[in-house]
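In structure tokens, one chain follows: the form predicted alone.
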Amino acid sequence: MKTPIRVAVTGAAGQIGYSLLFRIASGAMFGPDQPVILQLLEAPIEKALKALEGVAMELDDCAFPLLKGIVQTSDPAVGFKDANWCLLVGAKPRGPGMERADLLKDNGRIFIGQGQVIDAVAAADARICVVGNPANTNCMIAASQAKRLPAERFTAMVRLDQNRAQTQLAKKAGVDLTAVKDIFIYGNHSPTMFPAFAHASIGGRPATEAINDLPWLQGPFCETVGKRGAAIIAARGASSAASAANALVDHVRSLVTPGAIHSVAVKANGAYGFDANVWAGLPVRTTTPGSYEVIHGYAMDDFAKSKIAATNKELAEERALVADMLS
């Protein structure tokens, strides 16, 4: 049997965490032959830690053969110790009347601390995936604290947007989900993100041919994907926890699968006109487990360029708001 890998999860007793941990322990994230040790972090609040204790009891009761240990803690130095994968799910939610700048700064302080501790104590091969919103900028802040781990180890999740876009295209075209290929998300994980439909194919044909409805693609399609989270909150009175957890499973699974082509928010380095120092959703190809390369060369029409400019503007504004937090 393989050596167990250590997977740290923040916000482990929260809604996303509860939907996520059992998938990791079952082998859905790292494969059916990869044992794991779960290192579960929660806030130092009695209610949260008691809930975490209950989650750990349930994990035990599932008798997952691949689960070789559980750590429960509120101490990041313990939770991130020797972790091979750090899944940063926990973040402060936006409250009533809270400005985006306030949310960015409140979460920024959290991710400064986590970035510093991860850099100090995580495994030499550590990979970091940020889910807690605003994910792109939180990821940038955490990465800015790292002196040992390189920036490319830090990724933020736009896979939920990719999954949403894939489903919307399949439903519109009246085809099976698997017929939709190469739908990539560019930019921020926010309503400004751009699902680049012109790059996608449906049943081997360009998506714009399979769906001969450019006004729908440029309008309702982009809007539905961008505002899907708000629509789910309006419908069920709670955020999209299960689909976010599922997307994180997909995000990591694709990152450990050589040859996989998918959307990840990474340091842009100027790709597709993005600011060099923001983390933006881009198409990537996994090279070796945990490593990737950005896919360059997709042609952008005027509509795509305008959408990328808008989401880049938002990312640059977010970076400016937290400039004093970047090392």
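Residue indices: 1-based, along the sequence shown. Values in this document were obtained by computation on a predicted structure and should not be read as measured data.
Below, we turn to the form predicted in complex with a small molecule, even though it does not appear here.
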Contact with the small molecule in the model of the complex for M157, defined as at least one heavy atom pair within 4.5 Å: yes or no? yes
Is I16 near the small molecule? Define near as a heavy atom within 4.5 Å, in the model of the complex. yes
With the partner left out here, check for me: in the model of the complex, does some heavy atom of H189 sit within 4.5 Å of the small molecule? yes
Distance check, K92 to the small molecule in the model of the complex, heavy atom within 4.5 Å: yes
Answer key, the small molecule contact in the model of the complex at 4.5 Å (heavy atoms) among I202, V131, A142, I128: the residue is V131
Among N163, N246, S240, N84, which has any heavy atom within 4.5 Å of the small molecule in the model of the complex? S240
Within 4.5 Å of the small molecule in the model of the complex, heavy atom basis, the matching stretch of 297-305, 278-286, 60-68, 43-51 is 43-51
